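Shown here is one chain on its own, the form predicted alone, set out as structure tokens.
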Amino acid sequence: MDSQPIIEFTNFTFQYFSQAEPTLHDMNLNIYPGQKILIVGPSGSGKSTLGHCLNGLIPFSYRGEVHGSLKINGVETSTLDIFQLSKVIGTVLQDSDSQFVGLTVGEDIAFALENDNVPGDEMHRRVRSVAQMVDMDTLLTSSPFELSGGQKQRTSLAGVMIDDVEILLFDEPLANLDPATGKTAIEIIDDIHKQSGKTIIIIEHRLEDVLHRDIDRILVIDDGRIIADMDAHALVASPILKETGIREPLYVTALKYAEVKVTEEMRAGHIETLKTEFSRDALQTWYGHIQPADHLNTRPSILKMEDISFSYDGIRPVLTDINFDIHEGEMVSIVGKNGAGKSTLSKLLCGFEKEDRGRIFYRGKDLRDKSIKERAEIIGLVMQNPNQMISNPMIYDEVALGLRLRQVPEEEITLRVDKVLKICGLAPFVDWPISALSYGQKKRVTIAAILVLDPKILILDEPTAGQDFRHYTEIMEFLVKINKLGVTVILITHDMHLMLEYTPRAIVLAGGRKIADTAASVVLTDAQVIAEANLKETSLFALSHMAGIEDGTQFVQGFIDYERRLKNR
């Protein structure tokens, strides 16, 4: 390893002009050339701010007060402009779409070279070379906006690498990707690291997914301070993840449930390196004592799709022959890769689009002639981004809006809004402006605004996207509470942890067809379904085999039931 740091923070403090307190406190950190670093921390911990300080967005886009020193390649960043920094450090953003500037993949990758007046022949050669590195050389004439999530990620990466920067910074690279594409993204980053020897920094809260490949160091940031700087094996053996509210890998949680003391010697930082001789007996004993729960729902049908087919343009089918029957009080996940038809399904249920063929039933009655307004009385849809649903500045007015549009008397509105704000844990904020809320609280406001209308079915599109583990758990436990009040909950999600832990049943779509409708534990242990739907096998399944437990699916189901009983205590 080079003894001279490539990145050097010395007593570095940063405070946004709009904030009363610094976001980063007195940071001291050295990162060396060729290292691969993961930065994790809860929402608001300062990890994204750290990234912005590195790539120049602070202070050029986000203004604030800087104390101390930040050097890259021995040069104080305060003496560099954002253009000079971009030649050393390349950033791949969470939202690939916002990074595209070209009409084709090739144009987008070539953008930086065009700015530098690189001759045409050399430009074509370098574009082809970088495109091959990220496996995009056959799509150079495609529009970036027609690509899959993973292909967009590769294009963004190529556009950054074309400049031959020394440092690559990835800000939440997995946020919008389905499980298999996320896994591929981590593999691409690892391949680039091995081939090029570049310094790589990944900011991400999905710890287990990043640990699919080796990481040199993991920095844990909380409240603007680095509270840990260690390798994966030391980190999962320490109490730091639990104390900071970061989700530990599922297989590590299973080891702890089986009363295995996780130590560094077990090499539990990656499932592939885990030494199971320390835990086989304990896991087998624990598995032997797990009592499977009864998940059978014998209540009547509430929502049924029968032979549903749909196409936006009348040529390319988006959904084909979809059949399912959801019962009252169920909590169900709808999963599948980007573009599988999940969101289209919700549009058909809400009446935003009309099915070409087939019928949708609510409690046995055909919904075909029901308007969007009439369907909204029984089916509530909560969109992924709360900012797309909010239209009032104050919380009370936002939650009351639907009732006012229905001309409900104001005294009844007050009673209903007060009741739903209590259920949603928002009662203390009733007089607050929505702008003062966190993302997770805004999410609850949008759920409250739907719940106040007393829907019988609640559909949520990616309810936990962009949430850290604490906020994720708060939202999901809150949805469990609503479900227990009798509301049927349907979750459209990429999050396999969510599907496993909270929904006993999963409907899987691939290529517009239903390929599975079964227990979540079965979905994530069936190799064929996983491959077809771009999902990812759960690490619990791998752990069961490593421990010599034959029925891996039953082990996964046992883990879920055990966890649910712990939460209900």
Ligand SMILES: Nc1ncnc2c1ncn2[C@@H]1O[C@H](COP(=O)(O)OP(=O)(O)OP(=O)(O)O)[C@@H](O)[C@H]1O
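In case it trips you up, residue 1 is the first one in the sequence shown, and so on. This one's a predicted model, so the numbers in the text were calculated from it and none came from an experiment.
Just so it is clear, the following notes concern the form predicted in complex with this ligand, a form of the same protein that is not shown.
Proximity to this ligand in the predicted bound form, defined as a heavy atom within 4.5 Å, holds among Trp432, Phe478, Phe278, Phe111 only for Trp432. For the options Gly339, Pro386, Gly102, Gly358, the one in contact with this ligand in the predicted bound form, meaning a heavy atom within 4.5 Å, is Gly339.
Of the candidate stretches 543-551, 18-26, 556-564, 5-13, only 18-26 contains residues with a heavy atom within 4.5 Å of this ligand in the predicted bound form.
Against this ligand in the predicted bound form, the set Gly329, Ala519 and Ser521 makes no contact: no member has a heavy atom within 4.5 Å. Mapping the unseen interface onto this chain, Val318 counts among the residues with a heavy atom inside 4.5 Å of this ligand in the predicted bound form. Proximity of Lys36 to this ligand in the predicted bound form: non-hydrogen atoms within 4.5 Å are absent; the residue sits far from the partner. Among heavy atoms of Thr344, some come within 4.5 Å of this ligand in the predicted bound form. Within 4.5 Å of some heavy atom of this ligand in the predicted bound form lies at least one heavy atom of Gly44. In sequence order, Trp432, Ala436, Ser438 are the residues of 407-439 having a heavy atom within 4.5 Å of this ligand in the predicted bound form; the partner itself is omitted from this view.
Note on Phe429 and Gly224: their C-alpha atoms are nearer in the predicted bound form, a change of at least 3 Å from this conformation.
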